[in-house]
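For reference, the chain that follows is the form predicted on its own, supplied as structure tokens.
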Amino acid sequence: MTVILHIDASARTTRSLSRDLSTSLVALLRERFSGAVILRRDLASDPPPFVTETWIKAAFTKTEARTTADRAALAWSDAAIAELERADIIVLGTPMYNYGLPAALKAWVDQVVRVDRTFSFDLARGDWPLAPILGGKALALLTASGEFGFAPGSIRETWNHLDTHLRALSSYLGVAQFHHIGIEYQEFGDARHARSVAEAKAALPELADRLASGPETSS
């Protein structure tokens, strides 16, 4: 049975382009995966707590030595990681805020990328001591940005700290396939924006087919 983790990070609960894309893709995946289990994580309605000194101490304490306070500090993280562990496909809808991740999404990343849960740490590996623990997942990243030109070779390539950030840490989420569809020009609201919206929506059925077809290389 396929498990789909559906995450939205937009602060907007209405009029959100990224939510519209993620909801549409999940609907298409329901059609392709009969009986799929959908796990829902809305980072606007249930914002992740920020990492604190208490959280760090708890995360780096061995499980058997954790106190009640340690376990309480890690409770949100444990629940979010359990969802991630179950997921075969992650559908993540997010806007670009100030050229990067919304704070709630960054907080989710910090809660789930955790030592001895999603990565191991061993200095014997030399300059690359971190290694992923999870694997085999597909991530469909659906984004919306007010400006444009964030793709490699485009005019704002070096300003893009959204999908590039998620690609950099995707292995610690267990991601083997990374797919990205994005809407641009939102703040311009002109024909270019309308075309970008139409192209993004038109690309969703093909992406659903690719996710349903099984393992492949990232795009």
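Sequential numbering from 1, following the sequence displayed. Computed from a predicted structure; not experimentally measured.
Only in words, not in the display: the form predicted together with a small molecule, which the text now covers.
- Put simply, Ser24 is far from the small molecule in the predicted complex: not one heavy atom of it is within 4.5 Å.
- Within this chain, Gln177 is remote from the site of the small molecule in the predicted complex, having no heavy atom within 4.5 Å.
- Tyr99 belongs to the set of residues with a heavy atom inside 4.5 Å of the small molecule in the predicted complex.
- When the small molecule is considered in the predicted complex, Ser196 lies well away from it, no heavy atom lying within 4.5 Å.
- Proximity to the small molecule in the predicted complex, defined as a heavy atom within 4.5 Å, holds among Glu187, Glu31, Asp46, Glu157 only for Glu187.
- Listed residues Ala73, Ala144, Ala138, Leu141 were compared with the small molecule in the predicted complex; Ala144 is the one with a heavy atom within 4.5 Å.
- Here the chain stands alone, but in the predicted complex its contact with the small molecule, taken as any heavy atom within 4.5 Å, falls in 147 to 155 among 147 to 155, 46 to 54, 31 to 39, 63 to 71.
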